[in-house]
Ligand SMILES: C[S@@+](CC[C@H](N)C(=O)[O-])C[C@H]1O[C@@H](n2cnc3c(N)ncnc32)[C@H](O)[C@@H]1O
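This document starts with one chain, in the form predicted on its own, laid out as structure tokens.
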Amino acid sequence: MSEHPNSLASIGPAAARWRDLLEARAIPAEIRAAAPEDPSRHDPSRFVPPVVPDDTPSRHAALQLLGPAGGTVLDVGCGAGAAGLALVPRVSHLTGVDHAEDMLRAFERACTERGVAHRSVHGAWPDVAPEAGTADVVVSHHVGYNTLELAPFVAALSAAASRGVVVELHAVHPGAWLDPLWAHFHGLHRPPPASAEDVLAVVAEVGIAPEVRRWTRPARPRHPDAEVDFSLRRLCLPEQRRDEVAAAVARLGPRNRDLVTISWST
């Protein structure tokens, strides 16, 4: 198991830049205060893992680390469990960590339905790292852009893994696609978004030399109501603006998702 003691020292320039980029894109207080509901909330139903997992570079990287005999997996920011459950049947035990109780309930249901031995830990990483314990492989999908202090987050992932870590995230901040709508509905021009290059700079600063795979998930048919619900919530707009938001989202058209898989052995 690898430790990175220097990662917990004073914040480095890459980590400081990362924090500044995320803080600059925080929703202004006056807009957030007027929001009908929490714009950061996620609907667990949108994250139910598919019965047949997508065959992605992230899944391949984790399966390589697990090897033919399999092993234990810790899924940080597990949501409903898609990242860890994609590794069945090589997972002997799956631990899910998430700060959202409703996501953990969805994770537990999905594990039970698939007959996977599991445990859930409620809280923010790395605060709950001691409770979560260690595993052969640690996975963390689409959590980085929600993490202000990225260096200790990454260091704790590495410290928890006896074989290795797989991180998946968007090539560019996943909220950037809504930037034109922030300008349209609020007159708010968003600053440049953080990107995977900024993540990789922090990972290097922690002392990790990862393998990096860049790939694209093609645009999929969208459920219009779900996407409008999501956009309304993110944009802090009331239900009365639904038709306007639906039209604006439709004008943006379908979009591919450029993703990055970052993995390393410990």
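Please read these numbers as outputs of a predicted model, since none were measured by experiment. We number the residues from 1 along the sequence you see.
Absent from the display: the form predicted together with the ligand. The rest refers to it.
K.L.:
Please run the contact check for R241 against the ligand in the predicted complex: heavy atoms, 4.5 angstroms, yes or no?
P.N.:
No, R241 sits far enough from the ligand in the predicted complex that none of its heavy atoms falls within 4.5 Å.
K.L.:
Determine whether any heavy atom of G79 comes within 4.5 Å of a heavy atom of the ligand in the predicted complex, and answer yes or no.
P.N.:
Yes, G79 sits close enough to the ligand in the predicted complex that at least one of its heavy atoms falls within 4.5 Å.
K.L.:
In the predicted complex, does G123 have a heavy atom within 4.5 Å of the ligand?
P.N.:
The answer is yes: G123 has a heavy atom within 4.5 Å of the ligand.
K.L.:
Using a 4.5 angstroms cut-off on non-hydrogen atoms, would V97 count as touching the ligand in the predicted complex?
P.N.:
Contact with the ligand, yes.
K.L.:
State yes only if every one of W18, R213 and W215 has a non-hydrogen atom within 4.5 Å of the ligand in the predicted complex; otherwise state no.
P.N.:
No, none of the three is in contact.
K.L.:
Using a 4.5 Å cut on heavy atoms, which of L85, V143, A194, A135 is close to the ligand in the predicted complex?
P.N.:
Partner contact (heavy atom, 4.5 Å) among the options: V143.
K.L.:
Since exactly one of L181, V116, M103, A129 fits, which has a heavy atom within 4.5 Å of the ligand in the predicted complex?
P.N.:
None of the other options qualify; the answer is M103.
K.L.:
If contact means any heavy atom within 4.5 Å, which of 22 to 30, 60 to 68, 200 to 208, 41 to 49 contacts the ligand in the predicted complex?
P.N.:
Looking at the other structure, the answer is 41 to 49.
K.L.:
If you apply a 4.5 angstroms heavy atom cut-off, which residues in 228 to 243 are near the ligand in the predicted complex?
P.N.:
Residues within 4.5 Å: none.
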